[in-house]
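Just the one chain here, laid out as structure tokens, in the form predicted on its own.
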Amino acid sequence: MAAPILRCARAGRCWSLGSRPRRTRALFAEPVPGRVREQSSAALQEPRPGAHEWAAVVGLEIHAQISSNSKLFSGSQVSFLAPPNSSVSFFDASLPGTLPVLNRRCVKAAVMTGLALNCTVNKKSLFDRKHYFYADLPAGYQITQQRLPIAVNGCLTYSLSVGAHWSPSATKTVRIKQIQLEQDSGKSLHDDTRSQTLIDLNRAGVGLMEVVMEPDMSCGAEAATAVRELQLILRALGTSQANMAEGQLRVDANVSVHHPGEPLGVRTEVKNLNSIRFLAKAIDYEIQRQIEELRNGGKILNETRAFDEKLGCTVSMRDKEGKQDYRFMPEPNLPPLILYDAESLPTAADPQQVVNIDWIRERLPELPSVTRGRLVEQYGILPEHSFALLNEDGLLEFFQTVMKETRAEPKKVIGWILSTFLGYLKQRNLAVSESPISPSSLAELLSLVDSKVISLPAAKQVFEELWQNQGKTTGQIIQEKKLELLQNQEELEEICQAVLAEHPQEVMAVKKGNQKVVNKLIGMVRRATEGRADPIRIKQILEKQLQ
């Protein structure tokens, strides 16, 4: 039986010249390496007389929930749909005398993520206490890694869209400052009707990886693309499901604007963005808001803001805390975290009690960038098609299953999946996993088209029937609708001869050299066969008979 809920008192655009949004690529700002972004001098915020150019600088702090059965420092189970306060240990509730026990799975996940992001994994890392007081943080502090994190100095390369297509040549790289392990907090559920806040501690203590990206981005579209690429990497590694709808991937965006060539402006932080689309919108809005504020003679405050999804704007939450506000201190109940590589691993070490960096490195799975290259080489598809397959959850697996079961060429399969199949899903707001058409059904349909059993228009009709009538097979629909192509050559020749006999004027026009009339005759034959004749075969027969 779940414990009672605790109660406490309720207290894709880029910017270039000026502040006008454009749909072209951004004016990319180049942050000065190693420079602190915050500027306290008010003089730096005053716009220059006659200046019209602005550059935006965006950095991200991404919190990814680690895929683990238990929490970071306790044995409590991790379950998104568990009843409130049903997965809370004594340590999670911060009862006196309880001590943390580090989850080895979470450490391995952080090491794997660091290696995939080209980071240097520290053999020694430290845990710290970060103090702040919220009702959903029972201890009054969070255990994190502020001084010496588990991984540092990495990078993430992502591809930008050029027009409507993804281009592997249009790439950018964002530096990864660090990856650190830390606890998640509980969840505050606000009940406005009763003027109270309900606290659910199921999430308290769940393991997180915080990925800190340097301010190397300049607009919402870039930030959204970088986060999407990170999301794909985490899922490929299995270190996080990264489901933003369930809060498994949350993003804080640090945004500032300045004149090119001048020091960086004062930054604001937009907290807890839980959608890639809203991330792009929030950043672009905040860039525009800051530009307008400075143009009107105002000042940018170093504050924390939230994104109002309904209004499409950011709103002020509170002043931005500094390091001194958090009163960081070493975590006294946890020793340094020591990792090993092949050279430093003790000979008598128990593999279940240590983490070997080289062992993990050797077993890294295929990353999204490699997968895209393999798809292009293996199937001969376009690079932008490989991006589309990976960017839609479950679509790559669907495509590969169809390819295993069909005789159709990969280019025809990818065309059907990205246009017809994906179009149906988008129109009905469905995920790939919710499709009423299985990969096997689509594979069978494409094989029939490839072997010229049915025509392309007939295949689209069958596809529509399969979508609407899930109980019927492809063969049943073709038989009921009489959609199979005419295979009898003599019968088709007789129909073509009859059409020519009924339209002597068109025949005469063709013989005089007007080859466009042939297409008209093909249409007549197709109507006579109710669309059951292959246009290519019809054309061949007509040309022979017209001679």
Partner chain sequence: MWRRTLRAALRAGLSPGTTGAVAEARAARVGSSRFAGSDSGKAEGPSPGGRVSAELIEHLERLALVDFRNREGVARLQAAIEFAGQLRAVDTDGVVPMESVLEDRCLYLRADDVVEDSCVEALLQNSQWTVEEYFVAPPGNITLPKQSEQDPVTES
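This is a predicted model, so every value here is computed, not measured. Numbering follows the first chain given and starts at 1.
Here the subject shifts to the form predicted in complex with its partner chain, a form of this protein not shown in this document.
Its partner chain in the predicted bound form is not approached by Val453, whose heavy atoms all lie more than 4.5 angstroms from it.
Mapping the unseen interface onto this chain, Pro84 counts among the residues with a heavy atom inside 4.5 Å of its partner chain in the predicted bound form.
Taking the partner from elsewhere, Asn69 is found to have a heavy atom lying within 4.5 Å of its partner chain in the predicted bound form.
Its partner chain is not drawn, but in the predicted bound form it has no heavy atom within 4.5 Å of Thr120.
Remark: none of the three candidate residues (Glu366, Val449 and Pro457) comes within 4.5 Å of its partner chain in the predicted bound form, counting heavy atoms only. Stretch-level contact analysis of 381-389, 193-201, 208-216, 292-300 against its partner chain in the predicted bound form, using heavy atoms and a 4.5 Å limit, identifies 193-201. Proximity to its partner chain in the predicted bound form, defined as a heavy atom within 4.5 Å, holds among Gln183, Thr113, Ser76, Thr474 only for Ser76. Residue Leu337 is the only one of Leu337, Ile357, Leu466, Ile143 with a heavy atom lying within 4.5 Å of its partner chain in the predicted bound form.
Contact residues in stretch 82-105 (any heavy atom within 4.5 Å of its partner chain, taken in the predicted bound form) are Pro84, Asn85, Ser86, Val88, Ser89, Phe90, Ala93, Leu95, Val101, Leu102, Asn103, Arg104, Arg105.
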